[in-house]
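The chain below stands alone, shown as structure tokens; this is the form predicted alone.
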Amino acid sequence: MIGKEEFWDDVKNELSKTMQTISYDMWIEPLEPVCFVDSTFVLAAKTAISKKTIERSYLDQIKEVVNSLDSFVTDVEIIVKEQEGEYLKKQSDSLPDRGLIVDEKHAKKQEKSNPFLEKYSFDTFVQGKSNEYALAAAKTVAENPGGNYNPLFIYSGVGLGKTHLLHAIGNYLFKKSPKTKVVYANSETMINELISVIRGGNNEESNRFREKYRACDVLMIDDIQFLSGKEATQEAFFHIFNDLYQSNKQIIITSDRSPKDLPTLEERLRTRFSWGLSVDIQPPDMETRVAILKMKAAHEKFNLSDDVAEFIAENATTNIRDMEGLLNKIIFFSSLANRVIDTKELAYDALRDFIDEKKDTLDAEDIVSTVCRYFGITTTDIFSKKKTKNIVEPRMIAIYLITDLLSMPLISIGQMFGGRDHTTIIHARDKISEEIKSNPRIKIIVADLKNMLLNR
């Protein structure tokens, strides 16, 4: 099995994808792996202050990633580095009653009674217009797995609540139907497991892999899009899917795109994903964002005023994790400075380094590449003559952002976009400007992109 150093490297790699760089470098990178104790992964912080901050602001996020990479590791404990020797001795003295594993090979830990993160429940999922159908579908599946909605396919952008719903279903089943066997894994875990089976060429490992995924009542696969290009894993999953579906076992899948927008997956898989129900989660509107922040603050026992909640919602992207990150900075600043932060002015002081506009270093290429990344298209597409909706809309939004954020001549913008006439550029700019006033979806997308560009 994977060693603690390698495991921690995998965890850090995942955390670096979702955390702001400054937060990651300050709090996550200095942590050191210590050992595994039963189903707990132990990490060492350099100081007691670091330990307290990480436990308050980042521990849940670390636990989520740890559990997604290894379902047998269900908890994370932070100790202070100078106490590491004493801690290891204390744990060793308690052997064999405790499963202390310090070396580079850890076998399967004792599985904790509930492998799902308890903070992710239906009660803690804030409902809004952007997610109400996905929430209703998840509740229906939890109450009647293997029923009408099989498979259930939930798709959305990053950080909008897909994983929360998976854990909510798992927690519901654990409490209401504890005998139900639920397997939760992300697609990268499945890929790594299959690679291990193929490399080992061991029938025992192969049988264990097959048994894990085919002997369950409910199978949850997070981020199915990462199976793209992995032919062997797609083949294995195809057979697993068929076996479970024919046995009326519930299959729940999440992705960053709908089944029809996953062209690099085999057609037979995309077809099967469409057999049940596909629901999306849209970026939350302002009311929902404020409600999410209020709930998160209440969980942290922090009194968040309406003004500060609105300020965070206005200055964060629609990614819920980004909003949580800014909220955590407010909480940390309030604790560190021993100040009550209850106005937008004080919130700006706390977040100044993170929300100050950076127009001086922004150029048109930054805007285009960010828009392409956001919509999942290429720069070749956006500069092309293609007139399909999935290309035209991002192109017009990119043009609008360039005219709004930069002092660039319209003729130059037209040349950049394949020699288009300046009147075409004006049309795109004015079209999006009007859409922002009347179309909530476009308003959210533009605000999201602006924050991504200005809060880099």
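Quick caveat, the model's predicted, so the values are computed rather than measured. The first residue of the shown sequence is 1; numbering continues from there.
We do not show the form predicted in complex with a small molecule, though everything after this point is about it.
Between the options 240, 372, 197, 126, the residue in contact with the small molecule in the predicted complex by a heavy atom within 4.5 angstroms is 126. Listed residues 120, 172, 149, 311 were compared with the small molecule in the predicted complex; 120 is the one with a heavy atom within 4.5 Å. The small molecule in the predicted complex is approached by residue 160, whose closest heavy atom lies within 4.5 angstroms of it. Of the heavy atoms in residue 164, some are within 4.5 Å of the small molecule in the predicted complex. Using a 4.5 Å cutoff between non-hydrogen atoms, residue 295 counts as a contact of the small molecule in the predicted complex. Not displayed here, the small molecule is kept clear of residue 76 by more than 4.5 Å at the level of heavy atoms in the predicted complex. Contact here is defined as any heavy atom lying within 4.5 Å of the small molecule in the predicted complex, and by that definition each of 131, 156 and 321 is a contact residue. Partner proximity in the predicted complex, defined as non-hydrogen atoms within 4.5 angstroms of the small molecule, places exactly one of 373-381, 264-272, 295-303, 208-216 at the interface: 295-303.
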